[in-house]
Structure formats: structure tokens, C-alpha cells
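This document opens with one chain alone, in C-alpha cells, the form predicted alone.
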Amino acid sequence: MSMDSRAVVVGAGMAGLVSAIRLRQAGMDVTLVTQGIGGIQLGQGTIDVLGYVPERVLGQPLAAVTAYGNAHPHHPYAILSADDVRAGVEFLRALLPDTFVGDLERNYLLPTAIGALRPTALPQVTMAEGECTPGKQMVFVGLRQLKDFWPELVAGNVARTELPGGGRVSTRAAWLDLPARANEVDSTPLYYARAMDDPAYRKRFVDALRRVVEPGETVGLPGVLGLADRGAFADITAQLGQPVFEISTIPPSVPGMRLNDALTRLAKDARVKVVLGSQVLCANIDGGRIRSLTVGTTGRPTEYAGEHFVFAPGGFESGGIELDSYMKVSEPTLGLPLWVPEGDLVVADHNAAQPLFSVGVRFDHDMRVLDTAGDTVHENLHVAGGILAGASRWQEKSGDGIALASAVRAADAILESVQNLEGARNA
């Protein structure tokens, strides 16, 4: 593929990073523009494809994608197929071969930091032993200096929850008094994760664990088992000689940080040009195509030209969609048309899906934006991730599947168009 083919990607979340890496691996010249760090570290660090349908936990995520899309015609899974989801997830697994376990055929059921059980398709290796099965014995161990994880709360809620197939987990709680840094009485998960990167600290940590863990127990810990040292978890498990798992705490989570750092590093290693801390001000449009984006870089605005553009700024929670005081929604960067569900955007029932979070852009199978008449808005603009309309990603546990499927589909649509153009030129 010609290196003259240039792509500009907007957004550094899962969709933006993955589409940028895929395009760059195919030989394109790629610039990624982002106003800030993406939202990966705000998640659990797992890959959620489809975890819930109303009032029911799903056991088989990929098998449910097609049926869910058929039942919800405005949902991204009505356009993105199960094959698209598989392609996106498998691409990520190939990028990070030692990070995840599991497959798309079943969901793991893992405890959260408050003891709820949540389904996910691919947990990180550090989390997999936390799968809740009938009769399993778990001890949840807290750290006195870490206020974000209370083992009694986790143990109590996990123990009282009946598993989908029946049965319960046997649990108890324990504490360690081991500062991440000398004389520190109030610490953070990040400080502990950095401490776990030190082999000497890990040894002290495991020595303390042995005093509170009983034979036959699976040990649940807050998500602090190493940040930069990818061998920290394996070392702790080997030293203790019992199954260990970690649970993500409040955002930003350490497992999410690991995932974000790994993908960002891959993008930079692939020579994606990353422009950080820069807001897209406007698009320069000619003949139905975007020719360049004007970006508010330090000193003066800078224009980034390209033949192809991937727009992945996230949804409402990321600032990709704005809501004004009159309850009017808009896409503030490119002025794209939005699909808005009928009725109130915010409902009083806090347990219900909030329609506001399903606002977004409509798109075709090449991930090009469609207007209200179903026509393509810009021929060379593709969208991915949280900006897509129709999903309640947090409630469905579908966000990562949507992001990965749409990112790979957008990148592949661009690559197909470039190959077709080159084929026509050479004919």
C-alpha cells in the first residue's frame, strides 16, 4: 500500500487506538489527534462484548450479538455482525497475546469492588481466577492504607448472591497492614501497583498474605498487582502457591491503565504520529469529502490533511456529544447529524437505561456517517466506538465489543477503498 495514503484518527480510546494501529500496520501514514488520554483506564480493563439483556445475565456473548441486533434495530449490533465482533476482538488479542484469557463463547462472572457479579467475555490474566462458581472458597484481602477496597463488603455481597445456575460462593474477609510507601497511611491503587513492580516489595507482600490465607482458598485482591512489570502477577502467584486474582477499583483502574499503556505504546512503536492535548476545531470540506482537520495545537492552529478520517471521540460521557440547558444534544466537533430516541433523554429511575447515553450517529457497514435520510454525510469519514448511536454500553456491558468491531470495520473499509483505487490506477 502506498505510503502516500494518509489517515487522520480522532480519539485515543479503544476504538481510536485500534483503528490507528490497524491502518498503520497496513502501511498507511497515520496521525492520531486527541484532546486527552482516552477512556480505557476508566473501565475495568476487561473486554465486554454483551453481558446483559434486560433483567438477565448473558452466558454466551457472541451467540447473543445477532439476536440482540435483530431485536434492537437502532443498536450498533444491528449493523455490526458477530463476525465483525470476532474480527475486532481477535485483532486485539493478536496485538496483546499475553493479556487476556477466555473467548467469545461464554462470559466470565467476576466480582466487582462492591461485591456485585458482572459478566465479561475476556478478563485480564490477573482476574481470571475470580470467576465465581458454586462452592468456590474465596478470601478477599484488603489493605489498611487503601480506602478504595473493603473486603467485608465484597465478601458479604458475593456470598449472598445466588449464581445464575444455582449455588453460591463461600467467602470471608481479611486485612493486611502493609503501606505502599513507608509511613503512608492513606494510599492509592496506583502507588500500590508501582510498589508491586519491585520484587523486594512483592516478597514482603506475599509473606504477609501467607499469614492470613488458608489452604484451598482463592485469594481476591484489589487491582494493584503491578503496573509496568508484567511479571509481577505471575511472581506473586508462584510465591504464594495458591490461586490469586485482582478486582478493579474505582476509576482510573490499574488494569485499565495497563491496557491503555499497552495500546498506546503499540501505536507509538508502529510510528503512529500521536498529537496529544489538541482539540479538533473544525473540518475543511470540499466536494462532500473532508480534506483536513484544523486542530488547536500550542501556539497556533495546525491543519492535518488526509485522504481518510476515523472519528472516535466517544459519546456523551467523553464529551463527544453535548447537552445544553434546553435538553438539546449536538455533536460539537464536526456538526454531525445525531440519532435521538423519542421521549425524555433522562428518566427518574436510576436503575433504568438512560436514553441520553444512546444518542449518537447513524452509520452504514463501512462505518460512514448517515444523515436523517440515510445518505452518506462525508464519503471519507468513518466513525467508531462510543459516538455510535443506539447502545447503552455501560448497562449492556457491550462497549468494548462495539468499539473493537467498529474500529476494525472502519479501518478495513478504508484499506479496501485504497486498494480499489490503486487497482484502478494500475489497470
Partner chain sequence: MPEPLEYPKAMLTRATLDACIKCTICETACPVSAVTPLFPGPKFVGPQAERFRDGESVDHSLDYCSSCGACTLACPQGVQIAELNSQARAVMKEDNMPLRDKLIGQTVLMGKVMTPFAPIANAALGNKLVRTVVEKTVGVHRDAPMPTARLHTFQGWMKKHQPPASPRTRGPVVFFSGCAGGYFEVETSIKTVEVLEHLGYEVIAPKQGCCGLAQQSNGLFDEATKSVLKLCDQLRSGGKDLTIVSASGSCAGMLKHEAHEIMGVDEEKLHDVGTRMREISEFLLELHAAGDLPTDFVRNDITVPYHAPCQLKSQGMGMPAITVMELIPGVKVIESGRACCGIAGTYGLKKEKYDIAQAVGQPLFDMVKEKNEGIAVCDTETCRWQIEKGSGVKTVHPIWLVHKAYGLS
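Numbering follows the first chain given and starts at 1. Fair warning: this is a prediction, and the values are worked out from it, not measured in the lab.
Same protein, other form: the form predicted in complex with the partner chain, not shown, and the subject of what follows.
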In the predicted bound form, which of 286-294, 344-352, 94-102, 181-189 comes within 4.5 Å of the partner chain (heavy atoms)?
181-189
Residue within 4.5 Å of the partner chain in the predicted bound form by heavy atom, from 243, 156, 306, 252, is 252
Proximity to the partner chain in the predicted bound form, single hit among 38, 45, 399, 51 (heavy atom within 4.5 Å):
38
In the predicted bound form, is there a heavy atom of the partner chain that lies within 4.5 Å of any heavy atom of residue 194, even though the partner is absent here?
yes
In the predicted bound form, is there a heavy atom of the partner chain that lies within 4.5 Å of any heavy atom of residue 317, even though the partner is absent here?
yes
Taking any heavy atom pair closer than or equal to 4.5 Å as contact, tell me whether residue 300 reaches the partner chain in the predicted bound form.
yes
Examine residue 106 and determine whether its closest non-hydrogen atom to the partner chain in the predicted bound form is within 4.5 angstroms.
no
Suppose contact means any heavy atom within 4.5 Å; which members of 250-282 contact the partner chain in the predicted bound form?
251, 252, 257, 265, 268, 271, 273, 274, 275, 276, 277, 278
